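So this first bit is one chain, no partners, the form predicted on its own, shown in structure tokens.
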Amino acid sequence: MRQSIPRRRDASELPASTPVVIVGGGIVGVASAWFLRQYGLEAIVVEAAHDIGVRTTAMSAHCIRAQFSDRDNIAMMAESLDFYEHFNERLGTDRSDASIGLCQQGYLFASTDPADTGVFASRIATQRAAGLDDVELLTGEEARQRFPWLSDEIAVATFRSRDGWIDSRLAVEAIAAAAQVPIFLNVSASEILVEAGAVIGVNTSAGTIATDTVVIAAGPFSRELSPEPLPISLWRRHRLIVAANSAIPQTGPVTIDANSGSHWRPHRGGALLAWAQPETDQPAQWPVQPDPEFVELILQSEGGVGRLAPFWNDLRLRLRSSEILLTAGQYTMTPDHRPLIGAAPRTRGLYLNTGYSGHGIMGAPAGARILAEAMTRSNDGSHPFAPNRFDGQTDSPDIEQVVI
């Protein structure tokens, strides 16, 4: 039996009413649709773009890791990583040839400051206590033995081989196909209708849908769509793709400079570079215009990728403009850098699955499972990602803190 294709629908077929509307057809939205179906809830997805997974999801670095510094995030990301590792089995498809491009070459966090040894060791202790018994603490020399292209200045590193990256577009397509829910493309949600404190419908570019349950999974557009304030700030996040080049080690891990936050990973014979630098809050937008100066920033600045991987310092001098592609998306940042999952605090029938703070690909499967449980049980505010944890707080996150 061949796997089905996603049930894409034209705006002209939009129903007048439906039990559940999911706003957003990125990886968070389609994962929500799949999990809701597993829990017995039927939904439709409305997506403003021409296809699923082509906006924020497509602009990501597609990385997945469980190396976090707190137990709740570790648990969420480890669950999601397990989902990706057993992807076809979890989706119930027998297509053994189906692939999401899972590449587990590891995540390496490295520092040139010997004083970070204690910090790294403490973080590993937390991770191992949370079940990540395969995280390693490496000296600079041990790290260079595995990856000879690393800088001699590196003093300490942590490494986990099961971390890595996927092809998020392939994952979105496969999850949507397995969910078999109607997905209405080129349909923009403009307003969630509320009466007497409860959801009664959604106004869209193709008409009004009557419903008493809406899930906002609209990434950067979640804040402006929500009928109640959300504690989310939007940061622009750049991504630089470098074309195939023999100077770029293709067996390397995601390599993160723990002192600056710049990082890179192999990508189709070349590399994908990123740097989650602090930004001021900005309105939701698509497309997101990148700053051309980012290219020089990440390739030539003191905190750029060449600090830990010196081959970049030589390669950047030979790169032509035709060999690089600069794009940008937006992070949805919450004050504690954790997503908002579950019932909105003050609007009955409104549910959130947004605010992943740059970790949407990593957390989407577990986040969607948490959402489905929150929507099908009476005590939906008892988990660490529940929106009511802020009790109406709408303060912006600390923009001085860099999250990677």
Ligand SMILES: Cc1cc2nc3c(=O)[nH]c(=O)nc-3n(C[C@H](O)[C@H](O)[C@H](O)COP(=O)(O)OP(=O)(O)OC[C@H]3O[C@@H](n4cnc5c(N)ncnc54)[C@H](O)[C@@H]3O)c2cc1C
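Start at 1 and count along the sequence shown; that's the residue number. Everything numeric in this text was worked out from a predicted model, so none of it was measured.
Note that the form predicted together with the named molecule isn't included here; everything after this is about it.
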item	value
4.5 Å heavy atom contact, Tyr331 and the named molecule in the predicted bound form	yes
is_contact(Trp312, the named molecule) in the predicted bound form, heavy atom dist at most 4.5 Å	no
In the predicted bound form, Pro266 touching the named molecule (heavy atom, 4.5 Å)	no
Interface membership of Cys63, the named molecule in the predicted bound form, 4.5 Å heavy atom rule	yes
Contact segment among 367-375, 339-347, 50-58, 36-44, judged by heavy atoms lying within 4.5 Å of the named molecule in the predicted bound form	50-58
Residue among Ile248, Ala258, Leu132, Ala189 with a heavy atom within 4.5 Å of the named molecule in the predicted bound form	Ala189
All of Gly25, Val28 and Ala218 within 4.5 Å of the named molecule in the predicted bound form, heavy atom check	yes
Contacts with the named molecule in the predicted bound form, stretch 278-303 (heavy atom within 4.5 Å)	none
